[in-house]
Structure formats: structure tokens, C-alpha cells
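A single chain comes next, written as C-alpha cells; it is the form predicted on its own.
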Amino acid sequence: MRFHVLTLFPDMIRQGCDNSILKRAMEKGLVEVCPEDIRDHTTEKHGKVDDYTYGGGAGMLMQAQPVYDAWQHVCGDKKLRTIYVTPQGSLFSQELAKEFAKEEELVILCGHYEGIDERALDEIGAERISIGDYVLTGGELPAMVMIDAISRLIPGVLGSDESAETESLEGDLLEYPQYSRPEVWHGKSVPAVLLSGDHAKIREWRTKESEKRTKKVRPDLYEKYKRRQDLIKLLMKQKKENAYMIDCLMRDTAEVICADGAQVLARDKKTDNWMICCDDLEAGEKLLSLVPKDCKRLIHNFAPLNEKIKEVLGLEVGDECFQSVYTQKNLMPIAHKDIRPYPMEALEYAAANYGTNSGPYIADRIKAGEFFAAYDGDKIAGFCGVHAGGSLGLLYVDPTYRRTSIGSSLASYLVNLALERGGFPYAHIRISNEASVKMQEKMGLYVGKRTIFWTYRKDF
């Protein structure tokens, strides 16, 4: 990812990025930080970039011309997303960091003095973002804060991508207490559960500690978390029918639009999938009326709603699926141990064996670190992955290795991955795929009898 930083102090940006994880990410070519000196673009012969404000008032204002010309210089003929760091902006958050991390290039504009001429900000379409309710001498420090927060979400930047998923503020909880060696320090011992080797109990302890800490330090976050947990608990009463919504809520990617008991409308913020859980036509139609007319994809679990969805949104059923769920807390045993992230150089093999036109989607899953291969020596014996919406699947086993432990090992690997990430392990199985139903039931997953429907626009 490339950050263009428009600044009056480019050396401050260079020095701030020349350390630690960010420096290593730049050396690997995962991140590029390009400071652009606004003074290089002024037409004033003495290099001046500021002037007095019209209407009077204290302080100087950065002029429109050098700011706009610097912005045009870095953007060229591209329309790049541009952030102006200012205490007058929307508050920067982990959710915004995730959103910005999806960009290939980002422009960050650093103000000084009393700010920047409003006309330049309007002309470049700058989004005003603040890192907090306080005032600094310039935008460089906030820019570096945002660069750091965004960069660490880019695959490969952290030593373990899981680090970005299990930290404070994920799922509206602050991070649990952590301990390292020695086992006893100043008479204080590491909690016994962390030494037990029981991963289920460790996860449970960590969740409870996160809840306690959040409730005490950030009651506002805790209330949001509690509302979400109450809804999950309600939907869990029919877990095999509501798995797609439950997982989205557990991973905190669901924006709940409306919830009346177990009748729920939500949008997956990662995929823009709209989702309805209902068991009543009147309630379903009410939820449907809240879905935007330009919706491209809607998932639901109530067959009588299909006709109304077509009438109101023009969406038609593309897939009808069973849902299989893993309801236990213990990790599943894995017979075949050599399972690793899938290499991009072997994309052609996966695309050829998974399905027509699957190449771009699989490439996206590999890039996201959500696609895995089982190896026999140097040979790929099979692969699996996590779909963009969170369901487990993309499973394929090379004919040479069928009727071995490869298929069940890959499926178990994904189940364990979902558990470790705090999600709800589930898969969608097309109703015609009897072999997959049998395999998952044999592994201990429960397959629901009530199907779900993926509805799409014909041209999508």
C-alpha cells in the first residue's frame, strides 16, 4: 500500500516511519510512504505557502494553490482517496483503519497554522478525520498514527496476521491481560489456566477477562458488546438456521439495521451482503422494506420470502444451501498436519480444479490469507479456504488423495481457525452436494434441515 503524505515537514514523516515494524514493512515492499513537500508547489517566489485569513482573526492560513497543486502532482490522472487530518473531522477508529487498509493508495494531507483554505479541501474532496478531541501543532503526528494503524492491518506486515484480529477493540472488547516468563515474578503467579494447555478453557478465561476490563474501563463499549451478545444468544436457539447471521455478529462485521426479537436485518460490512433472519412473512416483508433498492445480494432463511424479494428488489435465487455448524468449544483433531497458507504461484491449479471463473476470487482469498493447502512433500494434495462472508469451504482434494484423511483434515483446520478467531464455525453446502453433507456429519458437524437462499441480481 502506498501513502502519499502532503506536508510542510517531509523529514518528520520520513524519520517517524524509519523504525520498528513499519520500517520492516517498507523494506519488504508491503508499505510505501511518500512524503510530498507542499512548499515545492508554491508559485510565490520566496516559497511562502500561507497568508492572512479574510474576515480577520488570529493566525495564518495555508493557501489553496500550493495544496491543490501538490495533491494534483501525486494523484496525476487518478482519483485517490484523500484524508485531511483535523480536529474538526470524524473520529478515527479501528473500523476506519480497516476501511482505509483496503485502498491501494491513500493521500494524507497535513495542515498547519489555522488550517487550509476551504476551497482547496472542497476541490480535492478531502475527508476530514480527527485522532482525538485535542489540538496539535500540525498534521504530521496524526498522519503517522493513522499510517501505523492502517499498515498493521495489511497482510504480512505483522509477524502473525492473527495479531491484528485478536487485539483490543476487536469485537467491542479491550484485550485480556497477558503474561510471559518467568512463571512467578515479585510473588505474583501467571494464572493457572494459561499453563493448563486446555485451549477451550483459555479462550473462555480470556473472554471473561476482556469483558471485565471493558466493563470497568469502557462501559460505552461494553454496552454495545452486551447488546450484540444478547442478540447472538437469541439467534443461537436456532443455530443451524441462523448460522450465517450468528457468525457475522460474533466476528463483529454485522451492522444490525433492525432487530425485533429473532427477526433480524443486518449488513455484512466486509462484503456488503444483506442478511435477513425471520420465520414470519409479515416480519420478513417489514425487514425487506428497509433493504436499499440497489442491493446486489441478499441471504435469508425463509422460503416464502423469495417471491417478495424478486418483486421488491429484482433479486432471484442463485443458490439454495444447507448450513452445517460446529457447536462444541474444543478444537477438532487433525490427522494430516502439513497444512499451510496457499502459494499465489499455484493459483492456476486451484482455479482449474475449483470451478469456472474462480481464479480472481481465489486470488483474493489467497491475498487475504484465507486460503490453505495440504501438502504431501512438495505436492499440493488439496486445498480449502474461508469465504469472504465467513463461511468455511472452497474444499478440494486431489483424486490421488481421496478417501484419505486429507479432506477431513482440511475441514477440521478451518473449524479450528474459526474457533481461534472467536467466530462460529459453519459452512454452506449446496443441497445437491450429498457427499459433503455426509462428510461433515461424520466429522461431528450438525446439518440443518431448513435451507438458506442466496439471492442475486441477474447481472451481478
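If you're wondering where the values come from, they're calculated on a predicted model, not measured in any experiment. From 1 onward, residues are counted along the sequence shown.
Just so it is clear, the following notes concern the form predicted together with a small molecule, a form of the same protein that is not shown.
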The one option of C295, A120, V386, I129 with any heavy atom within 4.5 Å of the small molecule in the model of the complex is I129
Answer key: of G318, G138, G314, P177, within 4.5 Å of the small molecule in the model of the complex (heavy atoms) is G138
Here the chain appears without its partner; judged in the model of the complex, the stretch of 254 to 262, 129 to 137, 325 to 333, 298 to 306 with heavy atoms within 4.5 Å of the small molecule is 129 to 137
Discussion item. Please tell me whether any heavy atom belonging to P87 falls inside 4.5 Å of a heavy atom of the small molecule, as the geometry stands in the model of the complex.
Written reply: yes
Quiz item: Is P142 close enough to touch the small molecule in the model of the complex, meaning at least one heavy atom pair within 4.5 Å?
Solution: yes
